[in-house]
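Listed next as structure tokens: two forms of one protein chain, kept apart as structure 1 and structure 2.
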Structure 1
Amino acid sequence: MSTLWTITKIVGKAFGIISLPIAFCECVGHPASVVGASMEPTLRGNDARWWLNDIVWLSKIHSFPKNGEIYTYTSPRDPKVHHVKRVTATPGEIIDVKNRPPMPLGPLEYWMSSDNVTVGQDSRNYGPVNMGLFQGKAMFILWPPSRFGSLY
């Protein structure tokens, strides 16, 4: 029946068109706003006025995480929240922080640290973060315009 085929084509096209931006966010990247002060002064997210908090571009296309790069990841303590921290140790490196015996990191474990150590939780609280939890790599600050630019 040709009306059925027409309806299928319209529904298919609508679904495809709506899926395009969602797939782009999943596969290429998307902007995200920073919450919290744990990455000060690199990222500012502690103002109640939302237009003063940083917006960063999170890229889903990136090579293996390296020291100094900033990543978003699902928190190991609560899968509903995402944290954004900097990689300070990669698999195979030996961790030497207090309250922990020095041990090399496992094959997919990364040590994430806040830039602002007085605030927030990071690997000192919940240990190394598995690469499977990583969501995206923070590449640029998109907003505010005065701080626009690459993070590296």
Structure 2
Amino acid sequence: MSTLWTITKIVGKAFGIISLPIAFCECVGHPASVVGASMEPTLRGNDARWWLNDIVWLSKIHSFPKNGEIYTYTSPRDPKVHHVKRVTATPGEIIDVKNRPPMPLGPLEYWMSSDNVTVGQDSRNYGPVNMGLFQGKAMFILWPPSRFGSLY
């Protein structure tokens, strides 16, 4: 019985050691690398050398998105793709985009835009983004050290 109890304690500790970081990342937040030029100059991610691209802290703890805040979300067109964009319109606002009639955003819909409008996919391409697709709020630039600091 003592051997079984010892094995159970070891397995339990291993499970706890593995579970804690996973739970932290799912509930609190995690770092994420910026890829692409769509958010330049705010966020840099266009260099082939990874150490020159920004790494940001994505917080899972946040209130409802506000205009000007930067969020990451799953693409409405491809669930394997994640975008980092700025909120430019919130629920209830009316969107007026070239070659489209004006449309109001629904109760949980947000208009997401690139800072660098000449590059990347955003709401101009696929329309409003439902809040259910949001992954986290970009809070800080963690890397490179020369750009370390809050985004707000």
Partner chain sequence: MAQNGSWYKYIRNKVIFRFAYLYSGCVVINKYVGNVIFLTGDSMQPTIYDGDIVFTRSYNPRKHEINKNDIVCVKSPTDAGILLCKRVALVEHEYDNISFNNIRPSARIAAGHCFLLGDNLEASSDSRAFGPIPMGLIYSRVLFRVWPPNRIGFIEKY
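One-based numbering along structure 1's sequence throughout. Source: prediction; values computed, not measured. Take the two forms, find the largest set of C-alpha atoms that superpose within 1.5 Å, and that set is the rigid core.
Only structure 2 is derived from the form predicted alone. Superposition on the rigid core between structure 1 and structure 2 places the CA atom of S146 less than 2 Å from its counterpart. The two forms, fitted on their core, place the C-alpha of I7 3.2 Å apart, compared between structure 1 and structure 2.
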